[in-house]
Each structure stands twice: as C-alpha cells, then as structure tokens.
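Next comes just one chain, in structure tokens: the form predicted on its own.
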Amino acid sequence: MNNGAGRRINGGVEEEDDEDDVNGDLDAWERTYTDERSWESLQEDESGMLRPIDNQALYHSQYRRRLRSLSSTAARIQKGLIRYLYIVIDLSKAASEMDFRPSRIAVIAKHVEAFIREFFYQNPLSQVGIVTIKDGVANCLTDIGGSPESHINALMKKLECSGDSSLQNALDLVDGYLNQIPSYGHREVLILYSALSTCDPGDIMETIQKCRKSKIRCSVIGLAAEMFICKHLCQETGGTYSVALDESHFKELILEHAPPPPAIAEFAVANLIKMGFPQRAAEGSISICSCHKEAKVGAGYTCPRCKARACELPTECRVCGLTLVSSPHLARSYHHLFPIAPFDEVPSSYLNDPIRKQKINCFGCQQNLLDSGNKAGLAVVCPKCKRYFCLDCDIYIHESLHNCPGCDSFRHSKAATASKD
C-alpha cells in the first residue's frame, strides 16, 4: 500500500509538473521542432509539393519592394539630418513574456544594440538617449549623446523587468528633455512597447497634445496586440505605429527608423548651424575631460573655440556649447540629401536570349549573371550608365556604398580622355 501510495503521490507530482511544463513528455528532438517551429519555413510550389523557403530570394524581394517604396516618396522631400532621438523601452512584467524566444526583453536588447549602431552609421550628426519604463515610473537610463558604446553598455546592465508600464510618465519625461533641443534639431521618440495597458497618473490625451506642440515625432513598435492609445499618439505626432509579428519582423520594423524620416512641413525650418571641427590631441597628452570632469591620458578632441577637451565626436562642447563634428560625419550625411536612384530590374528573357553570344557579367563582382544551370538569376541595370549588377551588389551599392561604380568609372574615364586631349 505504501508503494501504491508512493506511486500515486509521485503520479500526482508528475501531473503537476506536466501542467507546469507542457513539453515535459516530449523527446529532445520533438522539443527542438516545437521551439524552432521549423514547419513555418516551408511553402507550397506550383505542383503542390512542399519546398523550403528561399530566404535569400525572400530578402531580395523585400529589399526591392522597400527600395521602390522609398524612391516613390523620397523625391524632393526635406529630411532631418540632425536628429535627437529618445528610445523608450518598456521594462514592465509584460516584457518578460516568452512568446519571443527566449523572451521579449532579450529580443529587444539584441536588436536595439544593432539599431543604435546602424543609427549612428546612417546619422553621424545625430544623438540618442535611452529611457526605460518599470514599476509605473519612467527613468532616464542614458542622457542624449553620440557614443553608441555608452548607450549599449548601460542598457545591457539594466534588463530586469517588473511592475506595470506608464506611457504618460515616459512622454512627460522625454518632453522635458527634448524641449531643450535647439530649433534646428529634429525631435523624435521611438517607443518599444510590450504591455497591453498603460497605468497613468493623469490625462494622457493632454500629454499627447503637449508632445505635438513641442514638435516631437513619436513612433511605436508594439510586441503584443494593437492598442488604440499608441495608434492615436502616432497619428497626432506624425509618427508610425506597427506591431511585430515575430523576431525577424521586429528587426525589419526597428531598422526602418534608422534612415532620416521626411521632415514635417510645418516643422521644416532652414537654419544656419555654427559648427566646430576640433583637432585630435596627441596620444600621450594629459587634460581634463569636459564630458567626465576628470583628468584623462590619451587622445581626445580640442574645441577650437574654448580649447576644452571632448572624448568623442559628434558632441556639444560642455563649456561653450559649440557643436563639434568631423568632416567625415558631414560626408556620410551627404547621401541622404542626394540618394542614388534605384536600379531597374532586368527580365530573365533578356539574359537568356540565345541570339546574344556575349555573356553578361556583374559590373561590381564580375560574376556571371547566369547560374551553373545556365538559368538567368535576378539582375538589375543602372538607368544612367546601363551597367548590369547582381542583387547582392545592388544592395551593397544602395545601403553601404551610396555611389554607382559604373557612373563613377564613366566619369573617371571621361575626365582622363579630356586631360589627354
């Protein structure tokens, strides 16, 4: 009887464990498929057979679709090159949910790190700050600045989730900081929201109108269901609202905020900005850093106006308030003013034409545009120089190089011919 009771007791314990862990009865190989949901990587072809999804072709098609949408709206639109962005991260208990693997906050931290690096790469004259929401209170994690490493290191140390979320407290805090930004700076807020509610101390509608009057552009990316208040906030302030379906979709949504957005017509005021180009100090020099207010040994930057030391660029001099930048920062911002035109797609029938005896190679990587099976791959052609490129080179040209190698080589050869004559 004791053994039977022991079995019943053990059985009861096992039943409770099964309730806590649904996958407890599954084998290791079954849990792998359950966690990774590999059946979602299949698609049905024309004959009704299941084939694995070609992720590279899917990425290329998404890229071409995004490039066409950007080119249709980017012509003659003023963009804000000097941006002041606050990233508001929801650290309430909803951020610890595990519908994103391994958890929502882990996915957020991973892609916020990538976003910050990409943001500073595409916006070298801009600055970022981080605000967190936890236990109904909004806290400034990092002040607005131009150092990606300081933001990333501070975020990775503060990923504990607890309590409720308060959207109004976060907006009030960000509004107080962004009101001190100069008029030429574009004020933006990107909210990564995990909760399905907001616990506010007052009327959030008044706070939204206050952000609108302060010319703050608010955008929200939700990790749960759509919320009316988030959608209303984005509509009132001219931002965008979207809900992530999975991790890859969340990555795509957050990276869409890295390029400079179009400036709102009523806020787009042309201003002359006084900037300084500081010289780099010697490696062994000792000076007091105006950023950290302590003596430091090593290379820094000297303000041309007041001779104060700064650690990184771009920044604002803590002594005289002069904006300090370097010439490469201005050069990297140039391609947003004059973006390269999207290339035209080449039909596969043109590449497979049997009359054409000459093979067509990619002008960038010199690879044949026909694959090993003598089938035409995806290719594009520059509308100006008529050079052909594969899609990998097309992505590299538009997202990293920002210059057409065919057009540049044509201008170079034309200049060389003119000099010989």
Partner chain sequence: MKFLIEDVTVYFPYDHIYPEQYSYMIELKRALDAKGHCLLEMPTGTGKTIALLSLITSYSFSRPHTPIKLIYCTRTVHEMEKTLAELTLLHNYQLKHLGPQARILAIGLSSRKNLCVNPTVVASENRDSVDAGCRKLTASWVRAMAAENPDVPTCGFFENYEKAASAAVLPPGVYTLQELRAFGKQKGWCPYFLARHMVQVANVVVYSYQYLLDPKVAGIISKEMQKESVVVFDEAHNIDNVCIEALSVSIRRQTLEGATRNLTRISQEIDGFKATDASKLRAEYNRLVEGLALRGNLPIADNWLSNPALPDDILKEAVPGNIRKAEHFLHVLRRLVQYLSGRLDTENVEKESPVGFVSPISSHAGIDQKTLKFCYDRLHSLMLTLEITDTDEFLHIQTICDFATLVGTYGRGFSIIIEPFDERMPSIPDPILQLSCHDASLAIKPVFERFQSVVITSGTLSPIDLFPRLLDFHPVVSRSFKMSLTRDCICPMVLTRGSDQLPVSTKFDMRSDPGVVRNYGKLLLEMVSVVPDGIVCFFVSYSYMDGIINTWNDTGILKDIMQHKLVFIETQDVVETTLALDNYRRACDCGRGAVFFSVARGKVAEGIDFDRHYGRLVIMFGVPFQYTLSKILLARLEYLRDTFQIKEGDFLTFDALRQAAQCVGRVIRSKADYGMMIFADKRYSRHDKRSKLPSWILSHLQDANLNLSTDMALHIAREFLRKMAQPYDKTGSSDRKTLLSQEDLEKMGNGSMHEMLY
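Note that the structure is a prediction, hence the values are computed from the model and not measured. Positions refer to the first chain, counted from 1.
Keep in mind that the form predicted together with its partner chain is missing from the display, and what follows is about it.
Put simply, residue 100 is close to its partner chain in the model of the complex: some heavy atom of it is within 4.5 Å.
Using a 4.5 angstroms threshold between heavy atoms, residue 205 counts as touching its partner chain in the model of the complex. Though the partner is left out of this view, residue 323 does not reach within 4.5 Å of its partner chain in the model of the complex, counting heavy atoms only.
Although the partner is absent here, residue 312 is not a contact residue: none of its heavy atoms lies within 4.5 angstroms of its partner chain in the model of the complex. Note on the interface: of 124-132, 223-231, 210-218, 283-291, the segment with non-hydrogen atoms within 4.5 angstroms of its partner chain in the model of the complex is 223-231.
For the options 93, 158, 117, 329, the residue carrying a heavy atom within 4.5 angstroms of its partner chain in the model of the complex is 93. Note on contacts: among 319, 275, 141, 199, the single residue with a heavy atom within 4.5 Å of its partner chain in the model of the complex is 199. In the model of the complex, 229, 243, 244, 245, 249 are the residues of 229-258 with at least one heavy atom within 4.5 Å of its partner chain, listed from first to last.
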